[in-house]
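This document starts with one chain, in the form predicted alone, laid out as structure tokens.
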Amino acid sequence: MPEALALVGIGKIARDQHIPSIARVPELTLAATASRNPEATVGDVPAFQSLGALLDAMPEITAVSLATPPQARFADAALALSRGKHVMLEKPPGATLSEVHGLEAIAKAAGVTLQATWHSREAAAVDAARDWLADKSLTAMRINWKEDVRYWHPGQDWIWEAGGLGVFDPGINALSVMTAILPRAVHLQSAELHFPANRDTPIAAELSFHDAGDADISAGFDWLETGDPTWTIEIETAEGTATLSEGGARFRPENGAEIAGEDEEYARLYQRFAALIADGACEVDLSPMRHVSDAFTLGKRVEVAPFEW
């Protein structure tokens, strides 16, 4: 019998990705939704204005997926876990590392699944890039992750508020891919963060990482890129070069066949969630979030022109 799943946060990402992906996973069924907006409903699926009201009315719910902004996610996640519900967290999994560590402890005590998701790791060619790089001598990696905030987050002021991450909202996707494909761990060495004069979070960032093998690893994030987005990772090794592009959907080695695939990131996340529930397991990798936290700790702040929608 499929898990009765509640989806919390019925915004753009929920409608574009979560709802159609849940429908593709037979082990899950969308049984209820919750949103502060009373008009944010999904067909005839029972809708509530808070997770608490939902769980009180529908104790048969066994799993909860949280697609709300990270600043407000901890209370709902803690509530669901404490009531014995399995929980899936949209990226980033929380506003702080400590919050997510706290959720891990609650999940362990309750004996339920907690999954911190990184959807870009599920892009079609990420595994191929990781496998290609595994036996090579990395010399350099350059990440360019640039897009138009007005297109991807139209009018969403929460991303500019403290805890909203700013350009690290997409940038953390790049870092999730980087940490998935690198054959060894790296740590942040320096960062420069550009903050609009009227906002609490950065609109651009430049990062440099320390690598034990002396590879030159850097990342550039920009939220004012117009036109088609640039989501590219350029890889140099002693054995040749390769490019992972389109957010991880396409991998092109210098000498070899190109690998590409369709967008199935969220379907794969929900398939993984169902498998974790069946196995009684948790999956919480915080390495992308640690790099973002380090950037805010180490980063040089540069004030730039105000941002207006």
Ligand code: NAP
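All residue numbers refer to positions in the sequence shown, first residue = 1. In this text the structure is predicted, and so the values were computed from the model without any measurement.
Unshown form predicted in complex with the named molecule; subsequent notes refer to it.
ask   = Would Asp169 sit within 4.5 Å of the named molecule in the predicted complex, counting heavy atoms only?
value = Result yes; Asp169 sits at the interface with the named molecule in the predicted complex.
inquiry  = Please tell me whether any heavy atom belonging to Arg36 falls inside 4.5 Å of a heavy atom of the named molecule, as the geometry stands in the predicted complex.
reply    = Yes, contact at 4.5 Å.
key: Gln271, heavy atom within 4.5 angstroms of the named molecule in the predicted complex   = So Gln271 does not count as contacting the named molecule.
message = Would you classify Pro20 as touching the named molecule in the predicted complex, given a 4.5 Å non-hydrogen atom cut-off?
response = No, Pro20 sits far enough from the named molecule in the predicted complex that none of its heavy atoms falls within 4.5 Å.
query = Of Ala72, Ala140, Leu97, Leu79, which one comes within 4.5 Å of the named molecule in the predicted complex, counting heavy atoms only?
reply = In short, Ala72.
query = Of the residues Val25, Ile13, Leu286, Val292, which one places a heavy atom within 4.5 Å of the named molecule in the predicted complex?
reply = Here the answer is residue option Ile13.
key: Stretch from 105 to 113, 79 to 87, 155 to 163, 192 to 200 whose residues place a heavy atom within 4.5 Å of the named molecule in the predicted complex   = Heavy atoms within 4.5 Å of the named molecule in the predicted complex occur in 155 to 163.
ask   = Hey, which residues along 239 to 275 are within 4.5 angstroms of the named molecule in the predicted complex, non-hydrogen atoms only?
value = Contacts from 239 to 275: just Tyr266.
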